[in-house]
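Presented as structure tokens, the chain that follows is alone, the form predicted alone.
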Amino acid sequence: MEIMVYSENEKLFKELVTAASHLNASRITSAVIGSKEDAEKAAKYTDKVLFVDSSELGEYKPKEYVEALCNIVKASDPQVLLVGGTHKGNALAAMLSVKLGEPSVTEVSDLKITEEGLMVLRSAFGGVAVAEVRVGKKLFTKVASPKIACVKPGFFAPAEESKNGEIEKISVDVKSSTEVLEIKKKETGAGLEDADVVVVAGRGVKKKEDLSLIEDLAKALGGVVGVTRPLSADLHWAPTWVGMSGIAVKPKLYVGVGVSGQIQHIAGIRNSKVIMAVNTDPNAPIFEHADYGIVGDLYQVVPKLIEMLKS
């Protein structure tokens, strides 16, 4: 079975290679829309690279990029296409799904091949549940186009260099119909994906101003601050959140402060080396996953922790 991987994000691309390996792919092909140097990097991780020179397309435009990706897919015969679940990746996957007439699924955190075909785990109902979904019909040895799955960042370890894949350039003739006037970078959580220490504020934090207490703890630990979904999506205290439907983290140390530990949040922190939790409820679900737990009021516990760390 051939699996093709595509992402404009280099780290996520490596995670997709690992995901493809977990599916026992007999052949992993990478789709690259970029420079020759990008293709050469990808060749160190996959058996073959099919690439379109992005200089021929100009600035990123979804319509032109999906045409290029469609040409790459048609030049091979993958049964599955794994796409990095970024904003660009999700958009391209949806458009490609329509062009190829094959299903696509987003928000994927895990996947496997069974007798029923490609099965994935994904967040559902706005991130408050996890669903197992079959993507399309059963897989066949030869198919006209692949099943498409958009894999969220942070759920697979990045692959190591182990290949010397063949590189093939794909020619495209795409006429641009849009003009990019300005590109603005979206505000995101500060380095959550790559941080060694992540301190997350949950609903136990009563006011937005009290996040300064969590920031002081993160500073004392040399880490960064994140929040749970209710504080971001409902209260708008931060642009994004830590969890299955937000940002998946895998730090050396995770500290949940006032975090109850619902399943969708645990799914986003499951790869943490050490999990510590502070909560007033001794029956909070997060304690079932924590290596260390403190049952107590965060407004009393956190200042003492900061004081100890500073001394």
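Only a predicted model underlies this, so the values are computations on that prediction, with no experimental measurement involved. All residue numbers refer to positions in the sequence shown, first residue = 1. Between two forms, the rigid core is the largest collection of C-alphas that superpose within 1.5 Å.
Separately, the form predicted in complex with a small molecule exists; it is not shown, and the next lines address it.
Novice: For the chain seen here without its partner, which of 69 to 77, 161 to 169, 97 to 105, 200 to 208 has a heavy atom within 4.5 Å of the small molecule in the predicted complex?
Specialist: That would be 200 to 208.
Novice: May I ask you to state whether Val259 is within 4.5 Å of the small molecule in the predicted complex, using heavy atom distances?
Specialist: So Val259 counts as contacting the small molecule.
Novice: With a 4.5 Å heavy atom cut-off, would you call Glu10 a contact of the small molecule in the predicted complex?
Specialist: Taking the distances in the predicted complex, the answer for Glu10 is no, it never comes within 4.5 Å of the small molecule.
Novice: Evaluate Leu298 for contact with the small molecule in the predicted complex, applying a 4.5 angstroms cut-off between non-hydrogen atoms, and reply yes or no.
Specialist: Contact with the small molecule, yes.
Novice: Is there a heavy atom of Trp241 no more than 4.5 Å from a heavy atom of the small molecule in the predicted complex?
Specialist: Yes, contact at 4.5 Å.
Novice: When the rigid core is used for the superposition, does Asp210 move between this form and the one not shown (threshold: C-alpha shift of 2 Å or more)?
Specialist: Comparing the forms between this form and the one not shown, which are aligned on their rigid core, Asp210 does shift its C-alpha by 2 Å or more.
Novice: Rigid core superposed, CA of Gln300 - does it shift 2 Å or more between this form and the one not shown?
Specialist: Yes, because once the rigid core is superposed, the C-alpha of Gln300 moves 2 Å or more between this form and the one not shown.
Novice: After fitting the rigid core, is the C-alpha of Glu40 off by 2 Å or more between this form and the one not shown?
Specialist: No, shifts by less than 2 Å.
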